[in-house]
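What follows is a single chain, given as structure tokens, in the form predicted alone.
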């Protein structure tokens, strides 16, 4: 049944200019501009439903109507707002810099506060709370020292990297083989709250993030959704694996080479939506670092066009695998493309896991790739 869903005062304060400056140009709906790498914008429209209500413009129109007191079916609004990858393509394609993806996220927050969320979202939140709120650390190498060794590295793994013996386990072995001690800074909490924030539970997510014992220690964060979430909370000590590695290589403290006992395949890089240049996000420069690192190792011959800021989402983010799993799988298949036999490498472990589940392509994340195909060592000239 249709009813008014009042928006809080902060919604108008934060997004009023966006809501009333939209010219309905439809760039965020169906833009195609090959010279800019735009071949459609929204993975949800392409692989779930073409209804405009699922688009960035749809989120703006919905929020404006609610702000003006129009009675809408809250359940229908929730279904559309939560069936979104939150990738940000609608923002990168907007010619006047509006923030429809952020508006969609804010609508999720409002709907969550009103307890109007789709059943799959509620179930996903319950699983996150059950898994991530535990005070017991998961089995694995992160049970090691809690203090940062003076000659080592502190790491916050995050849920995706620690799942199924994935990136965190691979990274632990890689660092250990190089004689670099790793301290796993998880503080007994398996989740920083990024997954909850993505599903609209912003207050709870903030509490989980703020409850982490940072202690001012610089640390490497695996997973860009975690990194973005921690930085949004003011954690200036969090950095990515690529940033840490680049700093060590440039400073002469570390050396990296391909292993000579394994055959290194040709690599195809895929973008991560978590690295899109969206407003109010402190980006890393990791896509450039990845191109330079892999190019220097000789494992990519041609990365022309990478990164494409408008590449369609693979369907891993935004809760899409929980809300619309079949649509999320179609997104992954489309993102991977045809029969290319190259090893697909994405910088974000969550993308890699979703892509691997959804296809027969060989897909890996950065930490797992480095652990499998390279040797890290302390440089002879390093300190």
Partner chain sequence: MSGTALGHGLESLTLFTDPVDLLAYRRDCSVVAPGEPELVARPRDAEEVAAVIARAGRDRVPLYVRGGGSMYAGGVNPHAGGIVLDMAAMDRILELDLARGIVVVEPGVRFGALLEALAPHGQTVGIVPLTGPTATVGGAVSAHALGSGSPRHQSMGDCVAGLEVLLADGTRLRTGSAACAGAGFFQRYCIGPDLTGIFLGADASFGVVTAVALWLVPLPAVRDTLTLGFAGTAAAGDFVTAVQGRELTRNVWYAAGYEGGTVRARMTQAEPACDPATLPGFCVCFDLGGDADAVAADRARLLELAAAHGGAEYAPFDAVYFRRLRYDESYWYSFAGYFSRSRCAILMSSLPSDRLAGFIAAVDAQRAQWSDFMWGAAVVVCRRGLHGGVLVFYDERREWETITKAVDGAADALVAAGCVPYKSGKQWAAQVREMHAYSSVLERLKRALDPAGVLAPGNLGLGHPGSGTGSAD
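Residue numbers count along the first chain shown, from 1. As the structure is a computational prediction, the values presented were derived from the model and not from experiment.
From this point on, the text means the form predicted together with its partner chain, which you will not see here.
Of the candidate stretches 316-324, 348-356, 63-71, 329-337, only 63-71 has residues whose heavy atoms lie within 4.5 Å of its partner chain in the predicted bound form. Remark: none of the three candidate residues (244, 264 and 269) comes within 4.5 Å of its partner chain in the predicted bound form, counting heavy atoms only. Contact with its partner chain in the predicted bound form, defined as a heavy atom within 4.5 Å, holds for exactly one of 252, 295, 234, 95, namely 95. By the criterion of a heavy atom within 4.5 Å, residue 47 is excluded from the residues contacting its partner chain in the predicted bound form.
Though the partner is left out of this view, residue 154 does not reach within 4.5 Å of its partner chain in the predicted bound form, counting heavy atoms only. In the predicted bound form, its partner chain sits within 4.5 Å of a heavy atom of residue 24. Under a 4.5 angstroms non-hydrogen atom cutoff, its partner chain in the predicted bound form has residue 77 among its neighbouring residues. Contacts between 9-48 and its partner chain, taken as any heavy atom within 4.5 Å in the predicted bound form, involve 12, 16, 20, 21, 22, 23, 24, 25, 26, 27, 30, 31, 32, 33, 34, 36, 39.
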